[in-house]
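Starting off, we have a lone chain in the form predicted alone, written out as structure tokens.
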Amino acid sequence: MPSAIQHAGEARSNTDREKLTRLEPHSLRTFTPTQAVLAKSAGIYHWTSEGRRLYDFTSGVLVSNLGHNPSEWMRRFSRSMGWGSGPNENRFFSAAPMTAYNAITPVEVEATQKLIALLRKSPGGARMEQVMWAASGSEAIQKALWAAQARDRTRLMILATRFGFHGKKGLANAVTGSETDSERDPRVRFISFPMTECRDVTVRDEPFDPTPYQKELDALLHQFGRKIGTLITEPYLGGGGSYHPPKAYLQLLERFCRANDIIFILDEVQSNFGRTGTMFAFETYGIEPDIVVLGKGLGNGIPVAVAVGRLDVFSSLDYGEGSDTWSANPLCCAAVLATLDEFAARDVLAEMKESSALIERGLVSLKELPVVAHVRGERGGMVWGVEFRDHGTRSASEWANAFVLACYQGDGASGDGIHLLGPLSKKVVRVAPPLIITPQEATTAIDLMRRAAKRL
């Protein structure tokens, strides 16, 4: 059992870390060298148990796009749940049910209608006709794959882009990673993702040669023919190291699916609601999926996900084949409704552009350090991957973890730090603050990050 991570000057946090090291398995968390204890949060900030302020550059793993505990979002959420009326007879609140298994609630109807309307008016959302609710991203992926396979049960083979991450459960896990992982599902075949063509943010519009990718698809089609019924990809490789592909690559996958009547599933669990600069990543990349899977930022902190797509595909599943205890529960639906209303009330994406440019310039400046190799992301978006390289006696992984720790510790001047997670693919640190970070906050945080990085 690993020993508890400890930090100087954090007596209360160290005690909590020590307790959970004994009471919980370490497998509950991916390794992060800080293991921050977060006592409270507001906007773009966390506070530790000792009261030290941290800029949150993770958004709780791309969840809190609108910031932590936004007041208007919280009011919308509470109104949808009916929590303003007070208890009835001093025992129970007369409010929306907390669970409504196998029933329907008005908040579910409203949230479903508004979500479909938003998707359908978005460029590339024409096929969005029905919503299949889930409690997590991996469950929504699982349901999307079930539906795609049910459409034609003679076409059970799935193509998945190599090194993607879609979840750790069932079929979602089967389409995650690559063929080198153990216990691969025989229905799954992996195709190449253009990682070498995923260039630094400073390099744009270089030619993309689709030939090798087209040949790979054609070879699989020749080998398996009509057995292939589904293709799933992320718009960019998130957990795989923040690789953002040329638009032509994803458009190639879409054309292949259209030509061969293959269901095209786009996993936007990480990228939805503004991370690539548009509301949905399919807009950024100019594609039209048959099914899009949304999560994380969809609920802004409440666990919820959905698969949205074609009616004829979803109707292939019979009663109960897509159900579970928590799908479409009122808490989730109220959270989604609050998120949709917040984005409708103000132009969050336009407001974030200046901050996005400031953060990108600051991250690119880190390449002045010999340990930083690349900075990847979408211009105008709010997610980047900072890739480290081997240097001196330290490996890329060691430099990446040292960077995360240095940012957490801050520079001592203000007492502030920056909250980041452990590196992706061992050497890529993801930077993804809430979309609502102001230009002033972005400037201050990036300056703090640069000072921390230089101490390496």
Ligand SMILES: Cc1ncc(COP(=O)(O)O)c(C=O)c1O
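The model shown is predicted, which means the values in this text are computed figures rather than measured ones. The first residue of the shown sequence is 1; numbering continues from there.
This protein has a second form, the form predicted together with the named molecule, left out of what is shown; the following refers to that one.
Contact flag, residue 120 vs the named molecule in the predicted complex, heavy atom cut 4.5 Å: Heavy-atom contact with the named molecule at 4.5 Å: absent for residue 120.
Residue contact check: residue 296 to the named molecule in the predicted complex, 4.5 Å heavy atom: Contact with the named molecule, yes.
Touches the named molecule in the predicted complex: residue 234 (any heavy atom, 4.5 Å): Yes, residue 234 lies within 4.5 Å of the named molecule in the predicted complex.
Close approach of residue 361 to the named molecule in the predicted complex, 4.5 Å, heavy atom: No.
Partner-proximal stretch of 345-353, 212-220, 307-315, 160-168 relative to the named molecule in the predicted complex, 4.5 angstroms, heavy atom: Heavy-atom contact with the partner occurs in 160-168.
251, 105, 136, 278 - the one with a heavy atom within 4.5 Å of the named molecule in the predicted complex: Spelling it out, the residue with a heavy atom inside the cut-off is 136.
In the predicted complex, the residue from 80, 149, 270, 300 that sits within 4.5 Å of the named molecule by heavy atoms: By the 4.5 Å criterion, the partner-contacting residue is 270.
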